[in-house]
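Next up is one chain by itself, shown in structure tokens, the form predicted alone.
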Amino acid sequence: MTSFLQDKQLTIALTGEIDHHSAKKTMQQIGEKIDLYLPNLCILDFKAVNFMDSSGIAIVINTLRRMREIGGQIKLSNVPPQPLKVLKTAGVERITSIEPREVMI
């Protein structure tokens, strides 16, 4: 996971597999970044995520709660098809915006 801050916008690039083995650590790291930078917007970038189970939903909801506590918002970007299917099945698009990964032709 990497992150950068620009104009009170925190972008966190998630990588690899998001499952129950990695979710707790990922949530902790995201929370630490939010506490450190106090952004207005937190973008979770899924571009490099190659697999996600329902633990990814917990990460999104946990991040949403943390951002709401400080008056901010979240957005999901570059979501590949498999994680997108998990997120949509759970109805996550009703609580935050999801931008699918662009398909390269």
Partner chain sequence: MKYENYMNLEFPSKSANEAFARAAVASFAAQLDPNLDELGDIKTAVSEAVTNCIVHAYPDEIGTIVLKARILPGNVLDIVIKDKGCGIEDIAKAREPMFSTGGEERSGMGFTIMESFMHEVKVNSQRGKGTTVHMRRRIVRRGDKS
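Numbering follows the first chain given and starts at 1. The shown structure was predicted, so the numbers you read here are calculated from the model rather than taken from an experiment.
Just so it is clear, the following notes concern the form predicted together with the partner chain, a form of the same protein that is not shown.
Here is the short version: of T96, T11, Q82, T15, the single residue with a heavy atom within 4.5 Å of the partner chain in the predicted complex is Q82.
When the partner chain is considered in the predicted complex, R65 lines it closely, a heavy atom lying within 4.5 Å. Mapping the unseen interface onto this chain, Y37 falls outside it, with no heavy atom inside 4.5 Å of the partner chain in the predicted complex. Heavy atoms of M27 reach within 4.5 Å of the partner chain in the predicted complex, making it an interface residue. Residue contact check for I57: one or more of its heavy atoms lie within 4.5 Å of the partner chain in the predicted complex.
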